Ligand code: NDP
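Heads up, the chain below is alone and in the form predicted on its own; it's given as structure tokens.
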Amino acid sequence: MAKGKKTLTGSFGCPLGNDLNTWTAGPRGPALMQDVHLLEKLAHFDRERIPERVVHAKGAGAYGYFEVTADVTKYTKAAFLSKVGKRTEVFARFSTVGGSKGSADAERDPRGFALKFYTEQGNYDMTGNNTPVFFIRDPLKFPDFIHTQKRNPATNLKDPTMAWDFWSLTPESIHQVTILFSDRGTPAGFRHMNGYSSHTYKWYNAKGDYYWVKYHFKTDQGIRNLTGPEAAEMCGRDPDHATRDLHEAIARKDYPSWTLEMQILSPEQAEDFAWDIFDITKVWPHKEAPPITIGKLVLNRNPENYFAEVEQAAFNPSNLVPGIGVSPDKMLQGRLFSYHDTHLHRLGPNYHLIPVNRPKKAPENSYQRDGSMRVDDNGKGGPNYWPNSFGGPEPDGVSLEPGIPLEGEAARHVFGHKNDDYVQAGNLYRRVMSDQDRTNLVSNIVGNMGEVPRPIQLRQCAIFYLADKDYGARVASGLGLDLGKVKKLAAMTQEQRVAATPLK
């Protein structure tokens, strides 16, 4: 360690040897509960702000239904997906991610896309975003990332330097950063954006066969985005424009809908796949994993009380039903703990009894009792332990999901399986974006990075250059940077690049 540097420690002073990689079983996971630093870091992060959500604070919601349109019983035994034509009640919440409850709907930010399915086997929550990828792939980095999206601890102002400093030191962010600073980072409204699971999930059928899947909810209203200037104007003219648009559309019976497409891979296909399927910073290219259409989501009823139904709605990726499980995706593994934990902090230990969160078709039969705001019969006089001899609820023995093979030693593994952080972002820039899209992207980035210190600009432009030479060169030109220096940094390894450009 360099002279004069402070040693990073946990809350009680224990030195930390690594703050970037979660303890996992083998390089690909899953995460291990023994990672006490991860648990401490996430638990503290979940309690940092009172009383609004730490992330996804500003949002809008609506009720509706999901209808199955294709037979998927080959892939999953989930009851709500068991036959064509079956409908399940749904509550949806859309949100901005980094902003506070008072932020504008048109801010440049990912959008949350969360769904609660009230199934006969209990509630199933799909907690997604409007982008198919994310900035990071290890939950140990999540509190730090979100801190950069909030406010400077000294000035209490939004600070692009914090964001770009973190991104320029985290090359895996380049794919999502490219999406965020395109016009897709400012959707015209919640009705005009797609929703994605982003994470890989596991589906398993009645025979015990399992598959890896991704969800794509494609808007039937068509994609519409705002340009940077249009978004800035909208923030001032109507900061609640997306919330207003969703409510008014449903009120006039112009019900928004989305078509659900699934990407599905067998374990054998996943093993030979070109990309690591558990890396949330990557997509599964459609040519390599063609989506299939399986259902329709329709929103047709507005909430009657915003606080009761939208503000108190709590979504949790660990709310699963038989036939659907999780994957070793490290970010997903961290969310399984963090979402429930933050709801316990924000809403209390019995938040599952709040009407919007309560299972409507499968009553709770558990041995969890008491706690603040217990408003049901609290299990009456029945036993509050298992096993028991008094007729209490017991496991059914058939709801177990199939296991998956694991390998490797338990350690803080650096993510390296089939790893290339630049190719997909470069393909997005070259092959998907139009000339106007690229022009807007560069303009949005240059406008946001203008006051960021030069060393950080150089470091980030090197990452852009590694994704696509034209991409990096255009941003560098817009910022007035020496392209030769950008190329030199791009030629180094990430470790060398970080060491070569200290802030002075």
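Keep in mind that this is a model prediction, so the values were computed, not measured. Start at 1 with the first residue shown and count on from there.
Another form exists, predicted in complex with the ligand; not displayed. Remarks below refer to it.
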task: Examine Leu428 and determine whether its closest non-hydrogen atom to the ligand in the predicted bound form is within 4.5 angstroms.
output: yes
- prompt: Quick one: is Ala206 in contact with the ligand in the predicted bound form, heavy atoms, 4.5 Å cut-off?
  reply: no
- request: Answer for Asp437 alone: is it within 4.5 Å of the ligand in the predicted bound form, judged on heavy atom distances?
  value: yes
- prompt: Would His175 show up as a contact with the ligand in the predicted bound form if we use heavy atoms at 4.5 Å?
  reply: yes
message: Taking 4.5 angstroms as the heavy atom distance cut-off, pick the stretch from 189-197, 310-318, 395-403, 331-339 that is near the ligand in the predicted bound form.
response: 189-197
query: Here the chain is shown alone; which of Phe113, Phe91, Trp284, Trp212 has a heavy atom within 4.5 Å of the ligand in the predicted bound form?
result: Trp284
message: By the heavy atom within 4.5 Å rule, which residue out of Lys202, Lys86, Lys218, Arg412 makes contact with the ligand in the predicted bound form?
response: Lys218
message: For the stretch 127-145, I need every residue with any heavy atom inside 4.5 Å of the ligand in the predicted bound form, listed N to C.
response: Pro132
